[in-house]
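To begin, one chain is listed below as structure tokens, in the form predicted alone.
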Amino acid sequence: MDAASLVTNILNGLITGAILGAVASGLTLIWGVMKVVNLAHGHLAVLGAFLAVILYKYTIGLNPLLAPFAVFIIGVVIGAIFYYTSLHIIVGKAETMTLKVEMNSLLSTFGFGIAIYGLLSYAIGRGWIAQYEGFTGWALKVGGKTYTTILGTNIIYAKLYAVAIAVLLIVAVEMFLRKTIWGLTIRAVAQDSRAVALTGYNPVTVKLVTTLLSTAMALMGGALYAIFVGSGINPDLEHVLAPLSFVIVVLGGLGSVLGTFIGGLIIGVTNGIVYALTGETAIGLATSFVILILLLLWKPTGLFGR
């Protein structure tokens, strides 16, 4: 391994980590605020990736630049379906998350995720949609070129665009949580839902809004991932996105959207360095879980958790 190869893998790791941080940000919100371990998160992200492709390729020929924003809006609707079919009865009016409530919500989100996986697999099997194996529609050109060179590394403009939107998403959600009444209320419910109820706000409504936002973020993250990878989008992608999302959320700290994004960057750079040293992506994935175990032993609340 030479210095040029190391720099290339670190840059690619930063880009990958930014996208993974965006994908995981929806999970940290619902997990940190509602104490719901959303096992459907990976499936929701994959659904977002497929929706971005469908909007562009099969329906209205939506510009790739706009696809993630359209998927975010659709995600709000799917979030409402997710909440009322899987969470409302279980956690809507629960003042404290007992073991029974946690297990029921765990199983319910797992079932919702499997339903998404089944529907996508059925649609692919019937030929209604195709597994996204890559096409040139995502190519973005600046000055007649589809890539730029940074520190001797050629980076596709579409990937840089996806990173820019990921950063925009994180900044927008952070501002929403810190500067708006609804954002402050969501953070308050994460600390003490009973106290919030005494101030006149309905914790059930806050939980609904949290689910809508976290689901929309998961789907938008999946759409960004589709632009980023350019191929290989299929229902089984959940087996990669879900585990990495859990690692990144725990690393960043539950409920910290910015911490989750930084956690994604750390995991991305780590995987890039490991790949530069070994040439194996599987070892990088294994290293991510080694980091998770060490973190749980050293700082269980995560880097930015409180």
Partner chain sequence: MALGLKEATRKLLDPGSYLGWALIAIFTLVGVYFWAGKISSNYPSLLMDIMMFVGIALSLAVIMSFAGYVSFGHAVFFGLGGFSVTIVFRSATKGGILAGVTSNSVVLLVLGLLLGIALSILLAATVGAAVLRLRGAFFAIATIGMDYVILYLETLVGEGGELEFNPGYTNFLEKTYAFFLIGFILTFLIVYLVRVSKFGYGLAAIREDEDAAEILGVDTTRYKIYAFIIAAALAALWGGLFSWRTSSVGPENFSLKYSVDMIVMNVIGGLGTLAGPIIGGIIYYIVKRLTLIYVPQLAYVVMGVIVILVVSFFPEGIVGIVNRKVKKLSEYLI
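Remember, it's a predicted structure, so these values are computed and weren't measured experimentally. Here, rigid core means the biggest group of C-alpha atoms that superpose within 1.5 Å across both forms. Residue numbers count along the first chain shown, from 1.
The discussion below concerns the form predicted in complex with its partner chain, not included here.
- Give a yes or no for L99: in the predicted complex, does one of its heavy atoms lie within 4.5 Å of a heavy atom belonging to its partner chain? Flag for L99 set to yes.
- Message: I'd like to check something about Y157: if you look in the predicted complex, is any of its heavy atoms closer than or equal to 4.5 Å to a heavy atom of its partner chain?
- Response: Heavy-atom contact with its partner chain at 4.5 Å: absent for Y157.
- Query: Applying a 4.5 Å heavy atom distance criterion, does T210 contact its partner chain in the predicted complex?
  - Reply: Output for T210 is no: heavy atoms all beyond 4.5 Å of its partner chain.
- Query: Does any heavy atom of L11 come within 4.5 Å of a heavy atom of its partner chain in the predicted complex?
  - Reply: Contact check for L11: no, nothing within 4.5 Å of its partner chain in the predicted complex.
- Query: Which of these stretches, 159-167, 67-75, 123-131, 220-228, has heavy atoms within 4.5 Å of its partner chain in the predicted complex?
  - Reply: After filtering at 4.5 Å, what remains is 123-131.
- Contact assignment for its partner chain in the predicted complex, among A172, I150, A80, I89, heavy atom within 4.5 Å: Only one listed residue qualifies here, and that residue is I89.
- Query: Taking its partner chain in the predicted complex, which residues along 234-256 bring a heavy atom to within 4.5 Å of it?
  - Reply: Result: H239, V240, P243, F246, L254.
- Message: Using the rigid core as the reference frame, would you say L297 shifts its C-alpha by 2 Å or more between the shown form and the other one?
- Response: Moves: yes, 2 Å or greater.
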